[in-house]
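Next comes just one chain, in structure tokens: the form predicted alone.
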């Protein structure tokens, strides 16, 4: 079992990292091979809307998005964690995820996804909602915990004082492990996972 944890903070050793370490510890105990990557400090720009990824199977901007795609292709579970900026996820992380999901042609169905937000005070739930949208549009299984997945802290290390938030991270990790294991059991059964209908695309002008 493989999990990829994505730190969307520019700070490698900040509160976002503390939250992810709680998750990582439990996942390792559950038998996962865990890969942690940090993207919040990288110069990742948004999508160019050029459409070249349809031909190339990757983004025309050759940066961490292309580099990391193989990790997500092999992953059974992913966690996206971000500090809260103006009630939203870090813009660098959002650009990374938008391009990753659009350009990489990964089959995300039935992978387990979880979002985590870290804030001084407000904006946790809106950031949590923003990140969850990547999971539901691609047919992933969304993991929850005992509350909306968030930890409070501003200065580096303050998250250690949020004992409820850190407990949420451990609970979330156990739920991720359960869902991955349950999905593997279903895949092993005769017939495996359900077959989806061919997508039908419509819009509002024709």
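Residue numbers count along the first chain shown, from 1. From a predicted model like this one, the values you see are computed outputs, not experimental measurements.
We do not show the form predicted together with a small molecule, though everything after this point is about it.
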Can you pick the stretch from 52 to 60, 65 to 73, 151 to 159, 170 to 178 whose heavy atoms fall within 4.5 Å of the small molecule in the predicted bound form? 151 to 159
Even though the partner isn't displayed, in the predicted bound form is residue 118 close enough to the small molecule, meaning a heavy atom within 4.5 Å? yes
Using a 4.5 angstroms cut-off on non-hydrogen atoms, would residue 84 count as touching the small molecule in the predicted bound form? yes
How about residue 21 - does it come within 4.5 Å of the small molecule in the predicted bound form, if we only consider non-hydrogen atoms? no
Indicate whether residue 11 is a 4.5 Å heavy atom neighbour of the small molecule in the predicted bound form. yes
